[in-house]
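In the structure tokens that follow, a single protein chain appears in two forms: structure 1, then structure 2.
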Structure 1
């Protein structure tokens, strides 16, 4: 672990820099796969699935029987855990619903804003060593609450051409019926263009490796929107003397086990805490099954001593952490002054794992400093707001001149004329 003592603000940028991701050579591959899927549809999906997943899939869509039957192979404790997480996530995202905003801005001028669901959304769930069913909860629950009509889930098949039972069980629990056994770049291309099997969508959500990330970026060139740009996961812990070093170490390691490129940072106003956490990390690391991955991430991690709370807050806002654990006495000061963070975990008994799985908040969060301007996934991510207005005769009589004057000043005579015609008509009626 790299220890840095009292870095000066002009050093922060380089100190906090994320590793640059090179995407140049991936782009050509992604472009080629998009072109092929756009032209050949399912045929291309089948061929790339053979190539990348090593299996031939005849029917990409998972049948109703398989979706329903998956429950049998899930243990009761796991089912109960998933259901409890489901309830918490549902409750928190339902609470985010906003009412129609309606007001009469001027007499006779009624304006309102309503949110309506994005009709077609795609959820991408990565495969790999372990099935990330928790991400299904995080994406499918708000999509259902929003009222999206078409919710399409894609995830790469295993060597038998199947999806893990826990993925199917979770999808079914969330009410998702369109589940497809296709992954990687070809899945994102399928959601972008549509194929014989996979419906085209308007917005694509979900994490993935760098191939999926580049594919999602490319999808935006074809009129599709995405949840947010993605980068490696990251955690910043702010700890003072009131923090429990073994807990802090366990949180840093839980981030480190994600991947060798995970970002792990401890900021502290206590040199003592920094020493203790470093020792704890070394001890706990040895017990982890994924210790080789975690060790590499930890080798790049940073322990940063800052002399004051003011410095800490400024440095943390500059970094804009995806996950931000706060274990300090002066808690309210930090909260009031947090401008940039994805999700904040407060106090010694709030591990990041809670938000990753079951407390109710969403775990799809802005990485790579994007917390400066992006929200994590929330209910509104699945909706768009539409404005409406209705102006009465009285309304246009009162507001009309204002519009005419402004349109004339912008040199847009037809804009003015659309009002003048109406005003003239009303004046005729009066006379």
Structure 2
């Protein structure tokens, strides 16, 4: 692992760079696939599924029988675990609902804000070496709570042209019936344009590899909204002498096993902790079934010593981690000064994997520094706010002159006239 001691602020940008390709390196491929799917629909989906997934899929949509029958292939302990996670995630996201905001801003002027669900949403569920059925819970549950009418789920098929039974079971549990066996760039393109099989949506959700991330960004050029640019997973742990080295190492490896392009970072004010964690990582790595994937990700990792809490907080906010684990004595100082993070995990007994699966918070989070300006997925992600106003005769009389003066100052005579006509009408009525 790469150890860095007391880096200077002017070195942080290069030190904290993610091991990802630039958009320009991928964009040509994404553009070509988007163009093909937009023109050829399902025909293009079949071609790219054969090319990238190595399988021929005749019918992309999963039938009702397959969704219902998947339960038979799931063990009872796994069902109970998924159901418990479902309940925790559901409770936490239901609690995020907010009431209507209504106010009389001036006498006779009522303004209010209400939230409405986004009608059509697409959920992208990564597959590949680790099908993330937990992501279905994270996306489908708030979509259902929000009241989205059309929820479309896409996930890449396995070598048999099917989706794992646990993916189908979880989708069924969440009430998702439109499930499609298509992944990668072509899935994002299908949700963007619509094909003979896959419906077009208004907003696309879900994490993915670098190609999926760029595809989602490209979708915005065609009037489609996205949750955030969520790419390869990342984790930063801040630990001092109060941290348990074996726990810290396990957390670093839990993210490293996601993929070879994942990044994990340990920041510490203790050189002793850095040495202990490094040894623990080496020992635990050898026991992992996915150790070759984790080993490559660890090559991108950093162990960073900083001399003070102040330096640590500044560096962490500059990195803006997707996942941020905090195991320090001066816990409140770090929490009070955290401005950039996707999700924060506090204390020795709060592993990041709790948030990944079952504590209740959402694991679809901003990566690659986007935590500086994006939130993780939440209930509001599936809704939009609409403002309303109603002005009485009394209200337009009290506010009218203000509007007229401002409109005239901007040189917008029609705006002023829309108020003047109403005021004159009221004056005629009075007279």
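The term rigid core refers to the most C-alpha atoms you can superpose between the two forms while keeping them within 1.5 Å. This is a predicted model, so every value here is computed, not measured. Positions refer to the first chain, counted from 1.
Note that the form predicted together with another copy of the chain is the one shown as structure 1, not structure 2. Once both forms are overlaid on the rigid core, the distance between the two CA positions of residue 406 between the two structures is under 2 angstroms. Core-superposed comparison between the two structures: the Cα of residue 311 travels less than 2 Å. With the core superposed, residue 38 shows a C-alpha displacement of at least 2 Å between the two structures. When the rigid core is fitted, residue 211 shows a C-alpha shift of 2.8 Å between the two structures.
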